[in-house]
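One chain follows as structure tokens, the form predicted on its own.
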């Protein structure tokens, strides 16, 4: 079962040069299965490398930025600029491989401190330069695309040098971390203090602390540790009108919680430079197990019952029949064949894989929590081997995606969330929309984040790539899925809004909600240099967003 999640795992994507290892070619049995299910032909990914256009950053702006961060940290060479030309969506990856043209920043600026970030923003306002904050570059919704709006140029503000653990308060269990700190490094630094954040999304290997905060990220163990916004105790934000610090107590009734306005702002209101986080003791014991439930309705009801009893496992993940089929079909080997026979003998007609994982300070604690979760649960246990296979392979998706794209597969993901009463309706609506748009394809779904009132739905799509218009093929399908989601669920549970979801935001928060966000934008970023075209649809002009009366 080592390949259980090779394709169905959250494929939080890969960009040339960003991952240190890559997957090998697909095994013959996997390629055969894909051809049978999707009609996959012999389409290959183009090998043409994108070309960076000439930088439009003026000499005066470049000199001024160099005076802030050092001339060597204002980079206009093609490799530096192309390396920050977009995120890791399927469309981004196609553009990086020669289909279409990526939006390339005019320069990459690398500040070394929060103070320098404020100064960089001041320079960019003075010289009419747009600023796109850039961390790990793992956005899959156009959140780091180098859009300039109406600005003279656009720079990628790479926070890689802001990578320090600033402070640890072991008594309060708080840690202050700089925004450019990659998640694995943050965990290593905290491990020296016996602490952990417990935030492990599939983008974990490359994503940064600031990126988690800017997008309201949700980790795979969110049922136990919470979403990232639940962990944020304070934020330090650089804006074009000055620095803003928020948070200072575990709870407050001093008006609305403004730090939650910053968390999820996607670089449109300011640049997050430091985050104060609630941390926990590192677990001494982790136990992961695999189960099978017969049918999606039974599986989702089981997960709902566990969530509403408030005894979920830290990791709670239910795959639907299609995702389970792909896991088994692409797994191969005698163990998979034996498992299929075992399930058939036990009368399981619509197998849905369920992975549960518990963290604790001791085996006794984990055993107690496991017993509470599984009390009354009707699921066929497959033991720890499957659960451990999932844990060890949960970051394989980005590498497997390269292998799939190489042989001509359109492979992409999207996600949403809704209340339990609408979960099955939403799943059906999105599946129907994707199949109608793509034709012969495989649409998989899983629940990976559960709450008392509802759950997330995460979709992975496999289809034969349209060689004539591969970008348009997916954009049509994504638009259809987004329309299906509207009114039934949220346009994004954890991928954020970015540019891709901005057109659907009004349907979710209303025109008045957009006006509220626009007023915040005008206050913090009056000339509109920060991440144009993201979060709020429409470009920000020199006078800022239009006021409600100007529409």
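Positions refer to the first chain, counted from 1. Treat the numbers as computed from the prediction; the structure is a model and nothing was measured.
Only in words, not in the display: the form predicted together with a further copy of the same chain, which the text now covers.
You can rule out all but one of 383-391, 81-89, 179-187, 239-247: in the predicted bound form, only 239-247 has residues with a heavy atom within 4.5 Å of a further copy of the same chain. At a distance of at most 4.5 angstroms from a further copy of the same chain in the predicted bound form, none of the three residues 270, 503 and 534 contributes a non-hydrogen atom. Interface residue among 475, 424, 172, 337, judged by heavy atoms within 4.5 Å of a further copy of the same chain in the predicted bound form: 172.
The partner is absent here; in the predicted bound form, the one residue of 376, 347, 72, 256 having a heavy atom within 4.5 Å of a further copy of the same chain is 256. None of the heavy atoms of residue 40 is located within 4.5 Å of a further copy of the same chain in the predicted bound form. Interface membership of residue 261, defined by any non-hydrogen atom within 4.5 Å of a further copy of the same chain in the predicted bound form, is confirmed. Interface membership of residue 34, defined by any non-hydrogen atom within 4.5 Å of a further copy of the same chain in the predicted bound form, is ruled out. Using a 4.5 angstroms limit between non-hydrogen atoms, residue 127 is distant from a further copy of the same chain in the predicted bound form. Along 411-428, residues 417, 418, 419, 420, 421, 422 each place a heavy atom within 4.5 Å of a further copy of the same chain in the predicted bound form.
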